[in-house]
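Before any questions on binding or motion, here is one chain by itself as structure tokens, the form predicted on its own.
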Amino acid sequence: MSHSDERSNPFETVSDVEISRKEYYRTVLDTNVLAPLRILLNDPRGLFGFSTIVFFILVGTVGVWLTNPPDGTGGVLLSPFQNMEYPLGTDRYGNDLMLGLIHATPFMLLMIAGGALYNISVATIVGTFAGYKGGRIDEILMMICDAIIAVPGLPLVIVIAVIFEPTNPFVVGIVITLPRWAGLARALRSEVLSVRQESYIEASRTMGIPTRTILRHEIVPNLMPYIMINLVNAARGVIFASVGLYFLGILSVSTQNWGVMMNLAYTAAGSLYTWQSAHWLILPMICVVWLSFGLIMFGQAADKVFNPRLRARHAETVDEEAR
């Protein structure tokens, strides 16, 4: 092929503008990190959600590193602010409840990460692949999804938890969300059916681009707002399901987390019936509601980051404000 032929090919045209390596990394950093962060932080919902997530991550990492686990040396059932050495009070065994909440946070975060990532990863892979390929592959994958959807989720989780008694937080998160990916996979497959007919997808397929590349670079980015919302919902589902199962004593209470604290408050001190020990039950509930609400706000604000139209509009607004 002659030089003139290469120049005439639109896919091999070389840009006349050259940028240095430093400028390239700066552009990548601004596009992928700083711009989404600016959009999130300029939305009150995003600011609250992002701050909440960062706060709990710091509590679960730095907080655990800076403090010792509760040692049961405090008074019995001290109320919050009754003794400033134990600002959130103590439980029936003399444990500092603030230290208990701090040292229960890493278990909760790992459990949320395990369940949410497993749920979204499996659903995205199955749903997008089935929707894009169609035909026999689509039928088989959707038949598997329908079979899993037909299985009652809660009894299945209870049976697995009783038989295997998982204690690793990452595994507990996966067990709790084990059958949930099927419904999301079906919903994602429906979204892919409408996207795969777009002209740029047809062009990519005609050019012989591999399926995994088309899915990764063309289809999944278009589904990111939907995936992000479902990631947040999956994380909230892990929180509520785990706390409920620990509170009912179905999962092993040998670990330290917010659900176990609520279980002990009810079984050891009857916190549902007396105000003397109610703070032992209420404090973990506040953490559950706070983190769940933060995730909802973060998910709603993240729509501006992943939705191309909203992102372009809000990016322009942020840039204008910066000037």
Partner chain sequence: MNWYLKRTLQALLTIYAVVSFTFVMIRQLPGGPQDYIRARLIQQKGGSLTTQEMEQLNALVESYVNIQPDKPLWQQYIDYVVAVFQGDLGRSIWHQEAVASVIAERLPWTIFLMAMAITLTFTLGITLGALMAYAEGTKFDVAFSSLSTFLTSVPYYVVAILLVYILGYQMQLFPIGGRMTPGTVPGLNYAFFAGVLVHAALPIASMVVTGIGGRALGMRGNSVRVMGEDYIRVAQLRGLRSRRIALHYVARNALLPLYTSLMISIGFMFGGAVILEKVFNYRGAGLLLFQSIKTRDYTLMMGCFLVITVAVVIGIYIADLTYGKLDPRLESGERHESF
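Numbering follows the first chain given and starts at 1. Fair warning: this is a prediction, and the values are worked out from it, not measured in the lab. C-alpha atoms forming the largest set that superposes within 1.5 Å between two forms make up the rigid core.
Not on display, but discussed next: the form predicted in complex with the partner chain.
Residue heavy atoms within 4.5 Å of the partner chain in the predicted complex occur in exactly one stretch of 86-94, 167-175, 109-117, 193-201, and that stretch is 193-201.
Note on the partner interface in the predicted complex: the residue among Leu77, Ile209, Met224, Ile158 having a heavy atom within 4.5 angstroms of the partner chain is Ile158. Put simply, of Val62, Val289, Val54, Leu34 only one has a heavy atom within 4.5 Å of the partner chain in the predicted complex, and it is Val289. Not displayed here, the partner chain is kept clear of Ile39 by more than 4.5 Å at the level of heavy atoms in the predicted complex. With a 4.5 Å cutoff on heavy atoms, Glu139 counts as touching the partner chain in the predicted complex. Residue contact with the partner chain in the predicted complex: Trp181 places no heavy atom within 4.5 Å of it. In the predicted complex, the partner chain lies within 4.5 Å of some heavy atom of Thr274. Contacts with the partner chain in the predicted complex, taken as any heavy atom within 4.5 Å, map within 131-151 to Tyr132, Lys133, Gly134, Gly135, Asp138, Glu139, Met143, Asp146, Ala147, Ile149, Ala150, Val151.
After superposition on the rigid core, displacement of the C-alpha of Lys133 between the shown form and the other one amounts to 2 Å or more.
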